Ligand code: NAD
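Just one chain follows, in the form predicted alone, and it is written as structure tokens.
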């Protein structure tokens, strides 16, 4: 292992309170497209303005158009957690570790891998609710196999009103309770891992300003400008994929256990 990975391993071994601020990089390694990369949704659907299509206004004013796009772009079948998800799930199980995952993703893969302490800043595509009576549904409400061509509007079994995904759409505000929980976890964290995010999305990027006591490790394929959020703090940047970085740490942990 190189020096940065050794430093990350030592920090993980030492820290009790660990917070992970995760972005699309966790999901892309499972085959879910992101928004901003060269092969992302913005470029693939640039003639359709994805932000407008997935906005609160389109859902309200043209729900058929919204769901036609949502089903095509946001519902991806057969997706499974990857090495990075499983690494964090195993880390959470270790005695004496308090691990909080603050994710910008809506795919639920952290929970599927086994993580329990997950704050979903942008909601979850695994959950739906009625816009009228608030009856809750799971993602079977939008099973892609039920659609032939243009999808019908999902309707509430209880009152017949439209059912919508429990995600934060464009031009909607994040849940203040999730922001407050994230702030509290980052304030007490000794170690913060920033993974798979360019820190371009507000207000998630601003949360790092609360991680004043933490050593910070940034893992991302592309360079990240983090100094504007954390100043002169102890920051280590590891350029590479989350799967590779966490996979090496996993392998190191297994070999260390065997040698003991």
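Residue numbers count along the first chain shown, from 1. Being a predicted model, the structure only gives us computed values, none of them experimental.
The same protein has a further form, the form predicted together with the named molecule, not shown here; the description that follows concerns it.
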Legend entry - Any non-hydrogen atom of residue 34 within 4.5 angstroms of the named molecule in the predicted bound form: yes
Inset, instruction - Answer yes if any heavy atom of residue 99 is within 4.5 Å of a heavy atom of the named molecule in the predicted bound form; otherwise answer no. - result: no
Legend entry - Contact of residue 126 with the named molecule in the predicted bound form (heavy atom, 4.5 Å): no
Inset, instruction - May I ask you to state whether residue 55 is within 4.5 Å of the named molecule in the predicted bound form, using heavy atom distances? - result: no
Inset, instruction - Tell me whether 12, 17 and 185, taken together, all sit within 4.5 Å of the named molecule in the predicted bound form, counting heavy atoms only. - result: no
Legend entry - Proximity to the named molecule in the predicted bound form (heavy atom, within 4.5 Å), stretch among 208-216, 23-31, 64-72, 229-237: 23-31
Legend entry - in the predicted bound form: members of 90-127 within 4.5 Å of the named molecule, any heavy atom: 104, 105, 106, 107, 122
